[in-house]
Structure formats: C-alpha cells, structure tokens
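First, one chain by itself in structure tokens, the form predicted alone.
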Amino acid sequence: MTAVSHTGMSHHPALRSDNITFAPGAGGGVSMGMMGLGLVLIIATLGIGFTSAGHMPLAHALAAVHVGVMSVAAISIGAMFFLMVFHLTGAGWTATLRRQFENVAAFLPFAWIGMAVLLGIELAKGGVQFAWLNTEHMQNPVLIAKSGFYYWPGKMQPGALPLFFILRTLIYGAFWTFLVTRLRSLSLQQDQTGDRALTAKAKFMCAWALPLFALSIAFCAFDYLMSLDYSFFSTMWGVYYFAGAAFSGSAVVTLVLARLVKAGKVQGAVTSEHFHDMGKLMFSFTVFWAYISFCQYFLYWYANIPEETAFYVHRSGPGWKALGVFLMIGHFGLPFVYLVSRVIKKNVNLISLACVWFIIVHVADIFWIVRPMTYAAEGNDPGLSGIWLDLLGIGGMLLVFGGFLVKKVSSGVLVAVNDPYIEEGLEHRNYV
C-alpha cells in the first residue's frame, strides 16, 4: 500500500492511518473469488446461448449479459457524473466521500470492454440483438433512412461494417478511460504532495469534459439500448438513461460508504450528515427518473402514432406489463415515501437497505428495456420464461463489478486526505 503524506488537517483523528486504510492484502481473496465466479457465470451464460443448451437461444443469453453490462455501466457513469460536478462546483462537503466516487467510476472502462465484446459477437453473428446488422432487415425503409447513423461513410449492404457505430464505440472507450485515469491520477498525486494546483487542474478538465461526457452518455444509450429496436426513437432517451445512472451511481457509492462505516473505517470522516445528503441525491434522482419516464411515455401516448407507440405496446403485453407496474412502484413510489424522512437518510442501516433495493430496481429498469426485444422478431414473446438464464448473466456481471469494487476500495486510501476542502468535509453539517 502506498504511503500517504498528510498535510493541513493531518492531526485530525478521523485521518489517522488505521481509520482510512485497510491492512495490506485485505479483501484480495474475496475480490478474486467474486470476479472469478462472475466471469464463470458470464462465460456459462454465453456458452448456453452458443450451444442452445436447454433450448435457450443465443439472443436470450446475449440479452442477459447486455443487461448486466449496461447496468454496471450506468452505475459507473452516475459516479463519474457526480465526481465531475463536485469538482466543478467546489462541493466541499464531498471531500471525504470523493475517493469512493472515484472507485465506483473506475469500472467504466471495463464496462466499455463488455460493450465491445457484445458488439464483436453481434458483428461475427451478423446481428442477433442488433437487428439492423441482419441482412433480412436491410430492405426496411425505416432502417434505410437511418443507415447513415450506423454505416457512414460507407453504405449499408450485406457484409458491410457499421463504421460510424464502431467509431463511436471506440470514442466512448477512449474518452471514458481518459477521464477515469486522469481524475484519479490527479487525486492520488494530491494525496502524496498536497499540491492544491491539482484541484484546479481537475476542475478545469471537468469544465470542458462534462458537456462531452453528457453527449457520450446520450449516444451510448442510443447505440446500445435504443438501437435494439431501430424503428423506435426518442429525443429523451439519453436523459432517461442518465437519470437511472445518477440514481444507481449515488446508491452504490452510498452503500460502499455504509459498509466502510460498519467495518469501523472512516469514523468521523463520513457521518450521518453525509448520509443525509447522499439520501437527498438519491431522492432527487428517483423523482427525476420518474419525471423523465412519464414525460417520455406521455408524449407518445397523446400523439398515438403507431411506429412510435410500438415500444410501449409491446411492453404492455403479457409478462411485461407487470414489470412496468413494478418499476412505477419500486423505482419511484416506494423510494419517494421511504426517503422523505431524514431519520432514514441519516441511519446507516436503513439507508443501506434502500441502496440495495435501488440497485435491484435499476437492473430491473435496464431489463425492461432490453429483454422484451429478445423475441420481438419471432412474434412469440414468452415473457419472463427462462429468467434463470437472465439471472445467471446479470448476476455474473454484478459479481465482477462487486469484486472490482472490493479490490479497489480495500487496496487504497479511503479518503482524499489532502483535498483543499477536507476541513469542510470533516466538519460538514446539514441545516435543511
């Protein structure tokens, strides 16, 4: 473990070494076990799909892994968004929390690798989930009108590579990796040197990078979720995915902080006041998610144009309507009522329960987007039949993500000790 040079608040009892670090090697076995098991489950899921074992089609197996990848990508995106906003706004109360936002965001390049693997399989198989890659669809007038979005500067024809789509995917990976590594590098350098100029560098970078990051989120959501049904379009789709990302990202960071507190770490550095504010963030974004979800639905409902409403009509069918109702209640109704109370927001155990639930409903939301398209082309959607395969693929991805977090959190310093705002973070109090 790297030694840390404390300056400024170095004598504050909350920043003593045993409170902000784990023993060398802590969590290593658990981390490797979780990631190893997760990879086995993912490989098994894809193997079942490729061999059609148990009469499960490849599309179903790919959809299961796809849900897992896009779920953890959203969580990491949400953490990165908050990290950049906190840098830009000089949110001093987050100084003792920032390292955990960095840890959760650090998985983003690996989530992108998952997207790239799925794209590689789609290209090799000629379009399984991505029907727009399938030659049988290339005469569809809707797809022809949109072909430039996928194939530019080339033309859509059998065997052609979707160059524009591939280029965008490469840009996401390069840009996200740059953001994650650069912000984390500046933070770790500051741990060692205490140089306040590093905070200014991070803030400047976030100023120009945040708008580009927002665009990358929107287009990633278009490419890897909305394009599963190439006839569907929504100008609110990027914001919809972002709302879920901010909601789930804040929930995972809060859960990590809660587990650290329960483990006897960050005592005095992360208090009930911090959990109160994290609860406010989760409360805000469950309302924002509901607002965007309703607005998107309402626009299509009152226009009632067949090619626009097909997305919702399909999800109102057997097996999917109940899931939609579950999301209305579980992603908005229950969280809204539960998080209204400041008593719950300030209680580590109670807010931890909320975070676990929020992660579940976030995955259910991505599942509701992706899985109905698995059998759409066949016109015989079995609904939730074969859910065991979905649980296998999604669970595998969540285990990999969880194992990564265990390793990242346990192997580094838990607080950005030389952040210029560390005093404000340590003394943070709520007045509302």
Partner chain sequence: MANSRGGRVYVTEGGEKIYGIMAEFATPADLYHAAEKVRDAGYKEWDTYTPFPIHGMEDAMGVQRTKLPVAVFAAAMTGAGLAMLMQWWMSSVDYKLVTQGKPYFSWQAFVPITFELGVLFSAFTALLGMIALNKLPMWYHPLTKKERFLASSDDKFFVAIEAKDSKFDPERTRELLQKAGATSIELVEE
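As the structure is a computational prediction, the values presented were derived from the model and not from experiment. Numbering follows the first chain given and starts at 1.
One more form of this protein should be noted, the form predicted together with its partner chain, which is absent from this view; the next part is about it.
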| property | result |
| --- | --- |
| The single option of Phe178, Tyr312, Trp152, Phe336 touching its partner chain in the predicted bound form, heavy atom within 4.5 Å | Phe336 |
| Interface residue in the predicted bound form among Phe298, Phe204, Phe233, Phe326, criterion: non-hydrogen atom within 4.5 angstroms of its partner chain | Phe298 |
| Its partner chain in the predicted bound form: contacted by all of Asn304, Arg342 and Arg429, heavy atom 4.5 Å | yes |
| Stretch in contact, per heavy atom within 4.5 angstroms of its partner chain in the predicted bound form, of 167-175, 222-230, 290-298, 79-87 | 290-298 |
